[in-house]
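This document opens with one chain alone, in structure tokens, the form predicted on its own.
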Amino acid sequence: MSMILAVMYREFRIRTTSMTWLFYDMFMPLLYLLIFGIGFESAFSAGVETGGGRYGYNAFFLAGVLSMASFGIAINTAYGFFVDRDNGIFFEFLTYPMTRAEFLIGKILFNAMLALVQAAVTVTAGAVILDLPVRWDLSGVLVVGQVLGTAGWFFFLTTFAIRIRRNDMFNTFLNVAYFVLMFASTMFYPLESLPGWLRGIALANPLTWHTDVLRYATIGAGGGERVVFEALAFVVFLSISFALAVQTIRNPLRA
């Protein structure tokens, strides 16, 4: 446990070295909600129909913003492997008396806590400023969703961050993956409005699963067997990603 706390403390020191980075982590999701949400709210004046209900676009987009924020935190944390590998600290860490799993868990625990603070700021401000119909009684689901979502994307990206040697190649991979996952999901628009071919891709997209669970946790949209199935599917995705990340980090020179 002391090794996990040590890794968490290092992550904390890294984050607090730059106020700009800290501001980005805490308030950028809220700015996305205010800028894009308000802009699309007027375009979708009749609201968005999803999960058997009709909601204002700001309320619908709230879950997309939180999902986007989790993915962003995972990107920043996974990218840190490149910095550590370039200056040699990464390989020094692997000589310390801790398991590879402890190393990864320490990194994700701190960043999961960061995701929770970020979500609390965004949801509270959205309820106060935009008068969003937040389901406070489902806050527990939101907490679990943010923690597992951030962890799943971090473990997924970690495998690629360690295996890809060149910085430019990793950035290219991130941009392509983010673009495809984001627009082939329910982050910006409901599943019901997608064409058939894109709907099938979105249904198999872990970002859709995460966003739909968060949408249920924030405004109560959806629910039922579909959200339960998506939540379980994301847990499977997280478990596989964690196993692959641990396997990759055990032999980073061969990856």
Partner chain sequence: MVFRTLEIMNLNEKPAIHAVDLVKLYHPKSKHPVRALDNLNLEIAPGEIFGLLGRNGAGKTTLLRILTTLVRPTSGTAEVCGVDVVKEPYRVRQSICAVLQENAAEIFLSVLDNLSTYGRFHSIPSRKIRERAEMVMAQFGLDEYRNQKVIDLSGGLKRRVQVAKVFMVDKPVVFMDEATTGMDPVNKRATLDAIREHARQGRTILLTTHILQEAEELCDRIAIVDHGRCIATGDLQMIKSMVAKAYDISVTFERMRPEILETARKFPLLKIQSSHNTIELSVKGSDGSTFALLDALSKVEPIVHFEVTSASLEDVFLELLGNREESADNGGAS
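Positions refer to the first chain, counted from 1. Please read these numbers as outputs of a predicted model, since none were measured by experiment.
The discussion below concerns the form predicted in complex with its partner chain, not included here.
*Contacting member of Asp131, Asp168, Asp137, Glu92, with respect to its partner chain in the predicted bound form [4.5 Å, heavy atom]*: Answer to the contact question: Glu92.
*Can you check 148-156, 113-121, 95-103, 173-181 and let me know which stretch has heavy atoms within 4.5 Å of its partner chain in the predicted bound form?*
The contacting stretch here is 95-103.
*Tell me, yes or no, whether Tyr9 is in contact with its partner chain in the predicted bound form, where a contact means a heavy atom of each within 4.5 Å.*
Contact with its partner chain, yes.
*Using heavy atoms and a 4.5 Å limit, would one call Ile240 a contact residue for its partner chain in the predicted bound form?*
So Ile240 does not count as contacting its partner chain.
*Look up in the predicted bound form whether Ile14 has a non-hydrogen atom within 4.5 angstroms of its partner chain, and give yes or no.*
Output for Ile14 is yes: heavy atoms within 4.5 Å of its partner chain.
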